[in-house]
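Let's start with one chain on its own, the form predicted on its own, as structure tokens.
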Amino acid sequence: MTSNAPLKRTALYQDHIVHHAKMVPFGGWDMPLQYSGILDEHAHTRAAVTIFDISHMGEFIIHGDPVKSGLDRIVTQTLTDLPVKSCRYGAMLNEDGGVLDDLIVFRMQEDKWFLVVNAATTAKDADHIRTHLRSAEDFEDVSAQIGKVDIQGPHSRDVMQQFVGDIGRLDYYTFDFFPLLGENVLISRTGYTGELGYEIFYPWDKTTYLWNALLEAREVKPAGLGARDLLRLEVGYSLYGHELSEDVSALECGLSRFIDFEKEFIGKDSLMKKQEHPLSGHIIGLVSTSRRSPRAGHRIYTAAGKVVGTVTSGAYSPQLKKGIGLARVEGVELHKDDLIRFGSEKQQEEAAVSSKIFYRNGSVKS
């Protein structure tokens, strides 16, 4: 179903135009797909440092004890033991165990929480959270107030230290508030590329100042959603609307390790019932035996020609110099190195089943 609503724009829209970005619709927003080219931006992120405009993401603040407020029950990961100034990846499920969204939860104070959710699901997520919190007054949607710039790459710490001298004290999946260009802002050591990096949450109406200051730093280049998607695929990160869906259970989406069955959460009963039987589907990785790439929507065939699944994400990997992909398969047991085929009834290409993580040499935990 297509929407006639006009595309929303981040505060950096004109900056993207100045830098000759190719703009595309994404999650209801007009976003930069690429500047110098997807492969060039991908290579620069892996070797040096790039910045991404991620201001389209949603941000919520929630107040209260995690259990008493109802927040702990809304997400699949436990929050009671999360240290202050740390963050944790998890998901929100419906009663059937389907994935409404994946998200990161930040513990700002003992009883104050910051949630980052996907752009296309922000409104839906807000309604879901309000419905299941003890009090809607505990919830605040601050998405329109916060711009978000991600700086990613093995040299990102070197660049950040030019602006924030003690940024090096942040460990992976922690955050703090730092003075940056006249503002006191939340900066987390997180990202979506498999490289060392930081996410900067900056006042919406001042994001242009931050963006251009970072671009003046040596080695920094802008990168778009095309490079971001390729980078995340190489390290096996899921994308909502591709690997993750509210119509597919979190177990079949490959989120098992982000689910704490020792606590209560929405959808738990359904998932526990599913665990009693073999899963009908699961996510696999596949690597083409040639340079040809699987694409989202391609069918997956066994060597005997039986259709057993669908590619959820696929691209050519510059790191492997082969096509790679993630796929959801059903009704078949596949093992690493098993040969399969992807494509259409008219044209198919050979691939081997692989780990869902294709590239392991990133600097993310450096």
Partner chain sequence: MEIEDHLLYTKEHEWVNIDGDEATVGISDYAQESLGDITFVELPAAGDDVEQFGELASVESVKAASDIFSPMSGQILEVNEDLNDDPGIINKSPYEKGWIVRLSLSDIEEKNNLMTAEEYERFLESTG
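Positions refer to the first chain, counted from 1. Note that this is a predicted model, so its numbers are computed, not measured.
There is another form of this protein, the form predicted together with the partner chain, and it is not shown here; the text below is about that form.
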Notebook entry, point to check: In terms of non-hydrogen atoms within 4.5 angstroms, which of the given stretches 300-308, 35-43, 328-336, 63-71 touches the partner chain in the predicted complex?
Noted result: 35-43
Checklist line | the partner chain contact in the predicted complex: Trp29, any heavy atom under 4.5 Å | finding: no
Note to self: Is it the case that His19, even though its partner is missing from this view, gets within 4.5 Å of the partner chain in the predicted complex, heavy atoms only?
What the structure shows: no
Note to self: Is Lys206 near the partner chain? Define near as a heavy atom within 4.5 Å, in the predicted complex.
What the structure shows: no
Item checked: Partner proximity in the predicted complex: Met57 to the partner chain, non-hydrogen atom cutoff 4.5 Å -> no
Item checked: Listed residue that, although the partner chain is not shown, lies within 4.5 Å of it in the predicted complex (heavy atoms), from Lys112, Arg295, His132, Arg169 -> Arg295
Check: Here the chain is shown alone; which of Leu271, Val116, Met108, Leu230 has a heavy atom within 4.5 Å of the partner chain in the predicted complex?
Finding: Leu230
Notebook entry, point to check: For 307-332: residues with a non-hydrogen atom within 4.5 angstroms of the partner chain in the predicted complex?
Noted result: Ala315, Tyr316
